[in-house]
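One chain is shown next in structure tokens, namely the form predicted alone.
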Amino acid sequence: MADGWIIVVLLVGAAATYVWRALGVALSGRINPGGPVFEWVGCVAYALLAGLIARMIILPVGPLQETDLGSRLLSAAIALAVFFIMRKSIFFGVTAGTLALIGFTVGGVRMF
């Protein structure tokens, strides 16, 4: 008897999941990705990301809190410069910023 309930629960769970997925696929063809709603969603996403990055630089928590504010600011500037120099490559920008922060921290460079 318990095996019957497990199958029913699995079927109901699968139906609940796949109904929403099928509805999403059916509606996705009618959504305009360049529309004003998606532009607004993109702007909000970028604003949230910018806020989180600013918070990590200005008011960090955890191990990053032990580093110097000047080192974090200069590392961010280096990362941004490398990002644009390397044709907007996120990999090179993040790598340069990380290596700069590690170098400043290990080297004991304190600016502020």
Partner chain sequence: MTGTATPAGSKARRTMFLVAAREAVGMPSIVLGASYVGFGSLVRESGMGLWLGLFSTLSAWALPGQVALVELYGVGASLLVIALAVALTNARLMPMTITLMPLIHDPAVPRWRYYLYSHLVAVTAWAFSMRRCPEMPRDVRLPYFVGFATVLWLASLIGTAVGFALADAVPQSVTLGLVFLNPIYFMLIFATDLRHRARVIALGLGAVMGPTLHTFSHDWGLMLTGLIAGSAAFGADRLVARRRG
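Every value quoted in this text rests on a predicted model; they were computed, and no experiment measured them. We call the rigid core the largest set of C-alpha positions that still match within 1.5 Å between the two forms. Positions refer to the first chain, counted from 1.
Although it is not shown, the form predicted together with its partner chain is what the next lines describe.
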Consider Trp5 of the chain shown here, and say whether it contacts its partner chain in the predicted complex, taking contact as heavy atoms within 4.5 Å. yes
Contact label in the predicted complex: Ile85 to its partner chain, heavy atom within 4.5 Å: no
Considering only 5-29, what residues come within 4.5 Å of its partner chain in the predicted complex, judged by heavy atoms? Trp5, Ile6, Ile7, Val8, Val9, Leu10, Leu11, Val12, Gly13, Ala14, Ala16, Thr17, Tyr18, Trp20, Arg21, Ala22, Leu23, Gly24, Val25, Ala26, Leu27, Ser28, Gly29
Checking Gly24 here: with the core superposed, does its CA move 2 Å or more between the shown form and the other one? yes
Is the shift of Gly103 between the shown form and the other one large enough to count as movement, that is, does its C-alpha move by 2 Å or more after the core is superposed? no
Rigid core superposed: Ile90 CA moves 2 Å or more between the shown form and the other one: no
